[in-house]
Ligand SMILES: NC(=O)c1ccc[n+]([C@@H]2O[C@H](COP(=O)([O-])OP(=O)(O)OC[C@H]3O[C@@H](n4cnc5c(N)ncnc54)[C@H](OP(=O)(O)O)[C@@H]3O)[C@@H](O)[C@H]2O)c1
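As a starting point, one isolated chain is supplied in structure tokens, in the form predicted alone.
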């Protein structure tokens, strides 16, 4: 089964319609500056430590995913265990990167921190809760999803490492080189999306597909703005590079 639908109760119809509108609107809201997330290149002047902010952004959903798994944690099926480990592993990896890998150039806006943490926590909680009603068995799409997740997480980390290595001891931005940075401005976003597509295929619930849609729209908007930022800051930025998907966008 490609998609697991919720019971068509009036409450579910309202909640899923609202979430679908949010998912569709996230990208345009950020791209057109109506709800800009103020961190990294688009940060404001003040705020909290980016390291602490980013850690909180990913630690809160880690706790949410773990908490909403408690009702079935003692009797996990193989499908449930793999999905839960993928979900927890993603946020644990991002926490470790926030603490020990990334280099930050300035503060992170507190409302942005709370907003992103809330959104990720909502997704983590919903995905984990729906894991109480998993796929009946691990089919071909399930294993494809696991492969997508593993490849996405590995190459997301690898491109984060490339960025850190390019900056050295400096906190200044440079033109990214190496890996898929030769083709797109934000390959780390591309592989994060691949990992989340993998999680969606592991879960197969409509909620997780909508979460992936929202992340795709947001990271596409963010990558387009990042590409424009690089081109404005560096006149010699390679003209052939795309924003997110090599040869397309």
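Positions refer to the first chain, counted from 1. Just so it is clear, the structure is predicted and the values come from calculations on it, not from any experiment.
Keep in mind that the form predicted in complex with the ligand is not shown, yet the notes after this line are about it.
Though the ligand is absent from this view, in the model of the complex it lies within 4.5 Å of a heavy atom of just one residue from 184, 219, 64, 208, which is 219. Contact annotation: the ligand lies within 4.5 Å of heavy atoms from the stretch 155-163 in the model of the complex, the single such stretch among 129-137, 142-150, 75-83, 155-163.
Residue 36 falls outside the set of residues with a heavy atom inside 4.5 Å of the ligand in the model of the complex. A residue is said to contact a partner when one of its heavy atoms sits within 4.5 Å of a partner heavy atom; residue 230 meets this definition for the ligand in the model of the complex. Interface residue remark: residue 105 is counted as part of the site for the ligand in the model of the complex, having a heavy atom within 4.5 Å. In the model of the complex, the ligand sits beyond 4.5 Å of every heavy atom of residue 199. Residues 174, 176, 188, 189, 192, 196 are the ones in 174-208 with at least one heavy atom within 4.5 Å of the ligand in the model of the complex, listed in sequence order.
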